[in-house]
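Only one chain is given next, in structure tokens, and it is the form predicted on its own.
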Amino acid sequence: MSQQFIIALDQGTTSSRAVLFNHDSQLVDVSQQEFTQHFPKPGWVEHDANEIWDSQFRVLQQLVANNQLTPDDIAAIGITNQRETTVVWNKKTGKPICNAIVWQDRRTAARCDEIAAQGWKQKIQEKTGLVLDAYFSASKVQWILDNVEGARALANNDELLFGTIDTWLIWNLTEGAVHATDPSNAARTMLFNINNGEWDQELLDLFSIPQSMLPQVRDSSGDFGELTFQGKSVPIAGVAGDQQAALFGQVCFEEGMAKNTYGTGCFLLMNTGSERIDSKSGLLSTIAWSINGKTTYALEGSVFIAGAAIQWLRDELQFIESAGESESLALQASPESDVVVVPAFAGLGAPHWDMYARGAIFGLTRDSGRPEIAKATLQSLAYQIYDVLNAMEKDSGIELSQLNVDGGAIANDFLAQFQADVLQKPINRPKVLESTALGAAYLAGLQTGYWQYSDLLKVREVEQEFKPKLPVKTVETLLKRWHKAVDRSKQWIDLDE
């Protein structure tokens, strides 16, 4: 080929993807493969880490083959990934000692309650910017070490390694030469001190995790080793957790800029610059990225279930055959319907942080059917983002004039318009919805000189702007009904169970 490209490996919660970008930031090609979701017990969510690696490498091979790429055609590889999901593997064999525990998994909620009862909540937040919750990696690692036969002894003998999914991919891509992560992923483990940029020994002791298991932390735009194929090496030069990568891909480089990604979950991030802002509203203070040793922070609101709720309509309820059908089904709903869906299948994230909330449907009447439930499910995504953005504006003192959006679910025009209505703000949807993959590509391209910052600022194009149409009073009524439903879904699981 006459020009070079960047490949982004986008390892998500339900699929592995390889995405090819050219120098104009245009998406050239995508290869994608879904993989198995495991639910061994209520509230437990697992992935086979080997299947993740196999699927990710397979789509990379497909992308290379479909576009007849040689190593000389690839300037660099960037990696972005589902965060918090925890893999522990044997250093000698390279094999995981158990299934990966996914970020949605709630099995360690009781352990988090124990730690809270010991008075650790504030200290953990001060060190990590996170709330004490089973969402993050630390309690998952401890559970593996305490519950997988022989794991604790292997760990104490310096024979086990831990990583989030980026680290697992880097290890495999470099054939075990590099065990590393970046600050945006390290900041999601609840083991990393975001104030000094180091693993925190006090937290490692709290969760009984040997430091020898932990990866080296390198700049998000940096050197993560090389992938060798066809006898030549291609640099792995950019790594960021999926939501931070999307913030970067939306070129939210300035303080106060924000984006929301509609993926398996919804994640609203605001760039807060070189200083962390601590939330009083249940949001997270986290690291957005680190470049040339300089850390950029962000405020984040995490909604656990978003696109996953549309998958629920498709897979569990079998209301639709594809996610795209949710829009046409919702448009068939009665405008008089009062149905509200609270998709708290994995508890409630920001700003509620209720590990014991569970999903619920309210307002059903005899004439409620598939269209009404589909419509309410889509609306629930927009309501959750309203709650997070409202909290974010309070914490930051910044009122957003618009919201940049991306992710597969927001291709749904019904959802995009309703989101604008609920927020009473314009929604800007870019031409390239692959902001997550694009952010990983940008980080890799900056490191290798493929792009300069000035290049990235020129290329973002808005595909459509959605402006509010619903009257404010109508929105207020809808939100009142939503908040009533949320309150009734909280603490559904008894603490004694």
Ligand code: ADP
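Residue indices: 1-based, along the sequence shown. As the structure is a computational prediction, the values presented were derived from the model and not from experiment. Between two forms, the rigid core is the largest collection of C-alphas that superpose within 1.5 Å.
One more form of this protein exists, namely the form predicted in complex with the named molecule; it is left out here, but the text below deals with it.
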4.5 Å heavy atom contact, Pro71 to the named molecule in the model of the complex: no
Trp168: touches the named molecule in the model of the complex, heavy atom cutoff 4.5 angstroms: no
Proximity of Gly359 to the named molecule in the model of the complex, heavy atoms at 4.5 Å: no
The named molecule contact at Ile287 in the model of the complex, heavy atom, 4.5 Å: no
Which of 108 to 116, 147 to 155, 317 to 325, 177 to 185 sits within 4.5 Å of the named molecule in the model of the complex, heavy atom basis: 317 to 325
In the model of the complex, the residue from Val405, Ala409, Met190, Ile101 that sits within 4.5 Å of the named molecule by heavy atoms: Ala409
Partner-contacting position among Gln311, Gln417, Asn271, Thr295 - heavy atom within 4.5 Å of the named molecule in the model of the complex: Gln311
Stretch 262 to 295 - residues with a heavy atom within 4.5 Å of the named molecule in the model of the complex: Tyr262, Gly263, Thr264
C-alpha of Glu325 off by 2 Å or more between this form and the one not shown on rigid core: yes
CA of Thr164, rigid core aligned, shift of 2 Å or more between this form and the one not shown: no
Threshold 2 Å Cα movement between this form and the one not shown at Ala416, rigid core reference: yes
